[in-house]
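In structure tokens, one chain follows: the form predicted alone.
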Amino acid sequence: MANTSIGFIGLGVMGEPMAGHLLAAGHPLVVHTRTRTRAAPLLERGARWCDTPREVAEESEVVVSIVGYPEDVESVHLGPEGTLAANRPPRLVIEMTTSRPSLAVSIARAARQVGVGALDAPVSGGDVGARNATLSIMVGGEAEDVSLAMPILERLGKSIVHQGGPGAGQHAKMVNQILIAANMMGVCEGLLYARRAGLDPDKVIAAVGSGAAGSWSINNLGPRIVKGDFEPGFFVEHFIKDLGIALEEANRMGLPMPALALARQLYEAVRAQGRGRKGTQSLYLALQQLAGG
């Protein structure tokens, strides 16, 4: 797979650095994204532009995509100008957007009908993980397709675990988002408490971040909160989408998820305050406002 031609669809906060790693590894790269200007840095480094996902697929052996919402995923792969409508389809499609497990199953089924392998491989680690190629990647699909994809996934992530058949990667990502939702509430409330108690929040993070309360969120997003940096590593509006999918799946399975439901309500409040395009750590601002500043 060393010289495999790769098509990359979606060059947002995470997609652009991920595609950059593949280009740096020597893969011939073609790209497509909603706003062409986002592709400029990669085009300057030698990537080539394609006008549609279908064209990307026809120019690639493997297509990797990470877009925004389930409807985007469906359009990219199952639409009339999607990857699976290509006259010369790729060998493999790796969908890395967090989306509905049922959609991952539909894509895998459609891909098989045209002789293409398909993986759902959502990621965790935010912009930091994307830039540093240390993402956690949760993979669903057939074992032979995972083996084929592994050299590519290893360029993007540090932890790569095959969870099971089609849709299993998305289910694992829902577990990830449920854990993050509860943790972010604790991180923001804890830092609000530290400030109200007159503590130095940086010292608090240094103390608790290496103990039993340590987490990726407190160690990576906690310092951003202290500095007043609420720019996105992961958009609030995308997190709300993920929490909604998790609640839908939990309801389907008959699982009560009160903490998850509360987290979604709180993040809806963040979006209502005009911060849908800010990072998930901006929950702190909503809770701060609730506490009277």
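Treat the numbers as computed from the prediction; the structure is a model and nothing was measured. C-alpha atoms forming the largest set that superposes within 1.5 Å between two forms make up the rigid core. Start at 1 with the first residue shown and count on from there.
The form predicted in complex with another copy of the chain exists for this protein as well; it is not shown, and the discussion that follows is about that form.
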item	value
Another copy of the chain: the contacting residue among Ala130, Ala108, Ala172, Ala149 in the predicted complex [heavy atom, 4.5 Å]	Ala172
In the predicted complex, Ile180 touching another copy of the chain (heavy atom, 4.5 Å)	yes
Contact test in the predicted complex: Cys50 vs another copy of the chain, heavy atoms, 4.5 Å	no
4.5 Å heavy atom contact, Pro80 to another copy of the chain in the predicted complex	no
Close approach of Val208 to another copy of the chain in the predicted complex, 4.5 Å, heavy atom	yes
Gly12, Pro41 and Ala85 all contacting another copy of the chain in the predicted complex, non-hydrogen atom within 4.5 Å	no
Contact segment among 67 to 75, 110 to 118, 157 to 165, 87 to 95, judged by heavy atoms lying within 4.5 Å of another copy of the chain in the predicted complex	157 to 165
Contacts with another copy of the chain in the predicted complex, stretch 270 to 293 (heavy atom within 4.5 Å)	Leu287, Leu290, Ala291
Threshold 2 Å Cα movement between the shown form and the other one at Pro256, rigid core reference	yes
Post core alignment: Ile225 C-alpha displaced by 2 Å or more between the shown form and the other one	yes
